[in-house]
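One chain comes next, on its own, written as structure tokens: the form predicted on its own.
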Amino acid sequence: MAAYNDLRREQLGFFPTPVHKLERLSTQLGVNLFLKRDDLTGPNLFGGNKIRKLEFLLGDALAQGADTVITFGATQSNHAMETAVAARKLGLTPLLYLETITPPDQTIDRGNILLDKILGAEITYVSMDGRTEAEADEYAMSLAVQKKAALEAAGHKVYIIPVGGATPIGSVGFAVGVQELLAQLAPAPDYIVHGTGTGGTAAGLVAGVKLYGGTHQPQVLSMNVSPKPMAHYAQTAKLATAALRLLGSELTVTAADFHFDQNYFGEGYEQPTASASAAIRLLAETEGILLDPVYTGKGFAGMLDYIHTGKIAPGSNVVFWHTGGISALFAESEMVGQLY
């Protein structure tokens, strides 16, 4: 256990994660392209960016005396799987409420569902039939609150983490991640690019740039992997500001500090796109590194388009933050799409 500005932080990942230049692809694209390898976070082969958040979130859970953790996501959620990993490493019991956005074949466990079951997580499927995503989120939370009450009546202590770990404590993990990156790479990058869902990672990245970026602050380019209303951006700014307060900073983040782009998610979350499939093949064929079809493939596709259209100028120093999720390549075919 370690403390970070009085926040309890549990050691879960292998930090700092590597940063390295993609030499062949940089030459091909005309930029200096680096990869921040949070796909190698650990503690197992299928780690990813959520471990940064979970070091602080589960530190808080243990500080509160929790023995059980509940969280949410889609059936193939990286966050849910990584929560189960982190919980087991710390001796906590994981309970997962998974929404069937892409209905799984429950006769054959694939991808993260297989990993969830190997980890012994208790899974409750939340049907999307007749529900919007927001309605499913609300229903899943109501089930979790009921479960929490029952478990605590039986003497347990339960800690609930919202979908994606999108809380101020979770975003602190990525603010600290920016400090880590800037210590690894000089000069500082012009851009940090990533795929974004719930906004917790984006909030942490922008907060970290504000706090640690100094005189040359990278621009964070957040490529949405699912549609979001305008209200989401204001909420993400509040999340970033709250993370800064936890880090002892009086700096403020506004919606104007973010650059979200909703042009690359196609038909929606977990729906494959031709551009993401092409991006996955390009990185695999030039550098031998894999992306996933849900997050990193779409984020990388957005970055490639920015480079090709000059939104990212030739010669720029660019970091793509590889957030993991490779197990999605082994999920339902409807999610994976046509990769070859």
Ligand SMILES: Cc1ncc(COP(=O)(O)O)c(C=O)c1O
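Numbering starts at 1 and follows the sequence shown. What you are looking at is a predicted structure, and each value in this text was computed from that prediction instead of being measured.
There is also a form predicted together with this ligand; it is not shown, and the following applies to it.
With the partner omitted here, the stretch from 190-198, 208-216, 154-162, 118-126 that lies within 4.5 Å of this ligand by heavy atoms in the predicted complex is 190-198.
Contact annotation: K298 falls outside 4.5 Å of this ligand in the predicted complex, judged by heavy atom distances.
Though the partner is left out of this view, R52 does not reach within 4.5 Å of this ligand in the predicted complex, counting heavy atoms only.
At a distance threshold of 4.5 angstroms between non-hydrogen atoms, T323 is in contact with this ligand in the predicted complex.
Of the heavy atoms in T71, none are within 4.5 Å of this ligand in the predicted complex. Residues from 75-106 that approach this ligand in the predicted complex with a non-hydrogen atom closer than or equal to 4.5 Å are N78, H79, in the order they occur in the chain.
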